Every structure is written in C-alpha cells, then in structure tokens.
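Before any questions on binding or motion, here is one chain by itself as structure tokens, the form predicted on its own.
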Amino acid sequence: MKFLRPDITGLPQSGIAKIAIPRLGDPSVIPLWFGEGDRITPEFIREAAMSALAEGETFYNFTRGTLHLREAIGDYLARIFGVDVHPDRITCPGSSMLCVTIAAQLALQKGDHAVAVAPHWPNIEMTLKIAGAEVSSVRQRLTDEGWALSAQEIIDVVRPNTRCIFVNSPCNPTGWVMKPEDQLALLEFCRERQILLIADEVYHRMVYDGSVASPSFLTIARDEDPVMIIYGMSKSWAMTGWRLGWVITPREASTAWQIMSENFNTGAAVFTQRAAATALRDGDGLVAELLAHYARGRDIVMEILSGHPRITLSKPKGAFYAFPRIEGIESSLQFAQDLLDTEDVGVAPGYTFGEDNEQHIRICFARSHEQLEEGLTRMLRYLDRG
C-alpha cells in the first residue's frame, strides 16, 4: 500500500506476537510467553474502579492525570525512595509503553541517533525507530556473577548526534539490575551532553536481594536533569490489563507532556486512575505477596533448568523472567514454535529481544507454580528428545 510510510511497513512483527497470536486463548497451552501472571487484580483495587464508575467518574479529566492520582504517586515515591516529587513533574497519560513512546517523540526526529541497552523488549527499538532515529544497541554481558553492563560501555556507543539513551533496570528479559555507581556516571554524562535518558523502572519493586526497590535514577536526578523515569501498575499490582503507567520528568517539560498526552490519548480513563491511586496507597501487602510468589517461581526455574547440560542460565536479580541460552539452537523462533507444537508450552524466542540472542528464550515465571513446573518439565522432555 503506497500510502503507508516505508519505515513503518518495514518494521518486523514482535517474535512474541508471532508465536502467541495463533494459539492465543487456547486452554491446552501453558503460556510462559507474556510478561504477566495468572492472578486477577485484587478485589480492593477493582472495587475502587467500580466505586468511581458508580459515582459517575466517566468524563474527561486533566490530560496528564488526575491530581488525586498524581498526589498518590508522589506519596508512594516519598515512601519508597524518600524523595519529594512535585505533582507538576508527574504525568499519567495511559500505559507505561505510551510513556516510552511520548518520551521518544519528545526527543527524537529523523537524523538522530538513539542507544538502547539490550537485550530489551522488542517494542522499545521499534518505538525509537518510529520516532525517526537510527538505533544502536549495547548488549549486556553474561558473566559468572550474572548479566553485567557498565555505564562506560553505554557511553562508548554514543555518537555526536545521539539524542536519547534507553535503559531498563530491572531488565526484561535478563533480570539485570544497574548498579548505583553506573547510574550516577551515566546520568552525569547525559546531563553534560544534554542527551535524554529514558529510564524504564517498571520492575522496580521486583528485586530479590531484600531491598524495598531497585536502585533508581529518581534518587540522584536533579529537577532539571534530562531524564524521564517510567513506572507502571502492571507488574507489581497485577494490573496488566488496566494500561496505567506514569513518568517523572523535568518540571519544565510538564507543558510538553500535557500537549503530547492530549494528542496521543487525551488522558487515561479516570475510573482506572482511582483504582491505581488505591493500589499505590493500600497495596504494600499485595506487592510483598506477589514478590514472594515471583521469588518462588524464580527458584523453580533454577531448580529445574540449571542442571541441564544444554542450558546456561543466570539467576535473575530482578523482574520475573529467565533468559536461558540453549546450546544447539540455530533459530530461537523455530525452537519456540516446535516446543509449542509438540508440548503445548509457549515461550518467547530470544531473537526478538535484539541481536545475538538467537540461542536464548525468555520464560516468564510469574505464572502459578504448578503450571510453571509442568511447562518446564515438558520443555526438558522436548530437549532430551532432540
């Protein structure tokens, strides 16, 4: 179709969608491919949304999010990180992915260069490219201590026309957690060069070292720094289908975010914002419960997979994914398809998370423990047959 932009028609379909869509909703499949568990959003959060609907909260509201929600976010960040964030620096336009999209659109245009830490969720690179940028990836290294990457390795990929750097920590899919000293070094570099740093911290509550949250750029950034820090309700509050995230920005960017939010989405649904505020204020017990569930899932993955001779696996430090390397795979897409066809187990092929991941697959361990154990057992059975 000639009316479509060539750079859009040339974008590849996500490998996760390519595998999952034909069998979506099939009850015979054990779905370890998506980044979500199988628990519904708890009743106290759903009741908040229902109360808002019953009270008639069905109208337009401020495009950057209701004051009620932005104040709840500010209270939450003060409690978790010990920082004071003014509501003018908070925007909730819709999903966390929408936050990434708007941030990229604010900084990038044709002819610009962007850097993305990899492995990364496939939509990230595509979003940067849609904004017009040429994208370079800098890949984490798998070491004896787990996945690793220094600030200097990221800085080394920067060019004179680099306008944006994307970092996801804790990382989907590897579980890598960026060290505070590397965060500081990267932030100081971006401050000096005036490069926008997009910090995706959606998995900030999913760390397994006993910390309340992962190290955050929020604790070291100045109000005027060129950094946009993104959070979301999906993972730690079991709210994937609600499509609610928020971003912390320089205060002087608030008007730009208002304009962009209005043009992209007009603002998140107001009754879902009431639910999100309730989750942030009353959901600490839920977060702890889900983290314990994810931690046990992580242990199950290590217990079942780590001893297999064809599997190299690092214990994730954060998020809720394993990203094992499987010796002998030539096509991660073909491996995932064959596993699905023969064993009814859905995993995400590694190639879709960036270059040099063809021998990897991603496994979400947020599902029920019984389902996870069965899925991994079937995967080993498939491997041993081959």
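Residue positions are given as counts along the sequence shown, with the first one as 1. Source: prediction; values computed, not measured.
The next section is about a form of this same protein that is not shown, the form predicted in complex with a small molecule.
In summary, among the residues Trp176, Phe217, Trp237, Tyr203, the only one with a non-hydrogen atom within 4.5 Å of the small molecule in the model of the complex is Tyr203. Note on the partner interface in the model of the complex: the residue among Gln183, Gln273, Asn172, Thr101 having a heavy atom within 4.5 angstroms of the small molecule is Asn172. Comment: 242-250 is the region of 302-310, 156-164, 242-250, 129-137 lying near the small molecule in the model of the complex, near meaning a non-hydrogen atom within 4.5 Å.
Site residues Phe323, Val347 and Gln359 are none of them in contact with the small molecule in the model of the complex, judged by any heavy atom within 4.5 Å. The shortest heavy atom separation between Trp257 and the small molecule in the model of the complex exceeds 4.5 Å.
In the model of the complex, the small molecule sits within 4.5 Å of a heavy atom belonging to Trp121. Contact check for Leu187: every heavy atom lies farther than 4.5 Å from the small molecule in the model of the complex. Remark: Met97 counts among the residues lining the small molecule in the model of the complex, judged by a heavy atom distance of 4.5 Å or less.
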